[in-house]
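What follows is one chain in structure tokens, specifically the form predicted on its own.
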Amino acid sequence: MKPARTSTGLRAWLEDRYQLEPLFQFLSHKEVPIGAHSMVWYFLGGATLFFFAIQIATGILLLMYYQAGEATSYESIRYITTKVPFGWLIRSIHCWSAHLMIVSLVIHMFSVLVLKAYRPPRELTWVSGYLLFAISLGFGFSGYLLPWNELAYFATVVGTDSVKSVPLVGEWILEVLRGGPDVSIATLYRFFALHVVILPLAAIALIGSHLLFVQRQGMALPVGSTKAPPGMPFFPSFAVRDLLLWLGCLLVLLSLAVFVPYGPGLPGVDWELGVKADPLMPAYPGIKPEWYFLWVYQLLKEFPPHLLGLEGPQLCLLLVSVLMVFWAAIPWLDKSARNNRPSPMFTDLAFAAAYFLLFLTLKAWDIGAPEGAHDEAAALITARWSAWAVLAVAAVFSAFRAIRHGHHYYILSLAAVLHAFGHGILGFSYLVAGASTAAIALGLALAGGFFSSTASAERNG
């Protein structure tokens, strides 16, 4: 008969009951590939997780005082910010961490696309990250209404109204979101349940899956590598660096929360409480959604009421849906990366998407236009300023890509820049400029393929 093993110490006590030694062995041998990319991009996932944890912690504190209801939502937020000790600070941290989490998540997705970290066997890691991004947007959209103030109410009216354009099921989706034909207290209750129960549960499940994929498969190696380069131990070397980054993120977050407690005042980045929502009052001009939805908001404005036999908003949402599906399917579309080869077209796609989103967001922010002006002349000024800004950003990044990384494929990013130039500088309509630059990009791609095939044939001949 085998004698019972006696345990001493906490680790031995846990080992006797849960057999954790394989986990300790895994952590002690886990390494992170060393390289220029590992010193920056590998930390973005941890930063995003940090901001999400701050969201959960501050959300629980706010939930201790918040009461959802027509006569209590606005009043409880006002009570939190004016009467509860440090309540204003907790709300400010909650709001700032939400926006910083989206920024970190966007940059993280951008880095994964550029580094081709979605290639096999990490396709589901990309998809789970993509779904987490969608849930994060859901957090922002549902949480925006909870203060029940004028800005949040009418922004929700505008945001939910856009789903009417979805063919066949648009009206049904609208009623499901709003709990009726109009934004009402029923909408507030639905958004509250979505924000504090449904989305957190979905996010925790997806984060668990995402982390499991990353831990099981490890960090993606540089494209073209066939064996793992020298690495640093995950624990304690990489973990300590991650912890230092979290401390830096906390310092930035606290600084913003203390010195800019209600946001910088830009459209979509402003959480001043203002006045209580009154559904009977007319909406004041200039109501806009949060900044990460501004590109969709502006794109809807660029489409005419009717186009190609369809309603303009329907066609716009169809385009957005196609783009979203394409983005999710990138691991299967990028055949070069699947074969562990560089894919310059998909690298350039990342920059083209960034310029596309930047141009629409700047237009939605009305940069350069006189304050309060919303006429056609102001729109032309904004388009011009936005175009020049995109051209400047693109020039800097293109030079960096060419000098630092030797990139040579610029067709898609050039198309995005030409689109901004044609619309903002030359004055073409947004859709005409888009169609023209799409034709130019297609011609350049075909010409590039033809000359590359000809050169290859000459070398082989």
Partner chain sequence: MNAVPRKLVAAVAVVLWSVLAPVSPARADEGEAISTVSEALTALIASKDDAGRPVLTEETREQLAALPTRVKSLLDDAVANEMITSAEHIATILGAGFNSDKLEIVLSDNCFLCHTDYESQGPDQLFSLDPAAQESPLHLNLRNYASDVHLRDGISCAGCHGGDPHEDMGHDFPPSWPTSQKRRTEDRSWIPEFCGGCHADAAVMQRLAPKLPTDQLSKFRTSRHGLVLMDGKDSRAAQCLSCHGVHGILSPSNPLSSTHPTNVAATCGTCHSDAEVMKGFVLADGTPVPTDQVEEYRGSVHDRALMERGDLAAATCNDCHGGHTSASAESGVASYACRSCHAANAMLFDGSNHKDAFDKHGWSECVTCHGNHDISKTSDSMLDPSKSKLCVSCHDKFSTPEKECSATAEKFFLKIASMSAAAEQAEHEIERLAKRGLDVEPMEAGLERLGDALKRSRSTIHAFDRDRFAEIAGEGDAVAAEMAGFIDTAREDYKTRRLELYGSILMIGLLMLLIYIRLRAWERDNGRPGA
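Just so it is clear, the model here is predicted, and its values are computed rather than measured. Residue numbers count along the first chain shown, from 1.
Although it is not shown, the form predicted together with its partner chain is what the next lines describe.
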message: Is it true that P233, L250 and P261, all three, sit within 4.5 Å of its partner chain in the predicted bound form, judged by heavy atoms?
response: yes
field: Residue stretch of 195-203, 237-245, 212-220, 138-146 approaching its partner chain in the predicted bound form, non-hydrogen atom distance within 4.5 Å
entry: 237-245
- prompt: Heavy atom to heavy atom, is N339 within 4.5 Å of its partner chain in the predicted bound form?
  reply: no
query: Taking 4.5 angstroms as the cut-off for heavy atoms, does W332 touch its partner chain in the predicted bound form?
result: no
- prompt: Might T82 be said to contact its partner chain in the predicted bound form, defining contact as any heavy atom within 4.5 Å?
  reply: yes
query: Is the gap between K276 and its partner chain in the predicted bound form 4.5 Å or less for some heavy atom pair?
result: no
- request: Would you mind picking the one in L319, A377, L254, A134 that has a heavy atom within 4.5 Å of its partner chain in the predicted bound form?
  value: L254
- prompt: Looking at W385, W88, F346, Y130, which is the one with a non-hydrogen atom within 4.5 Å of its partner chain in the predicted bound form?
  reply: W88
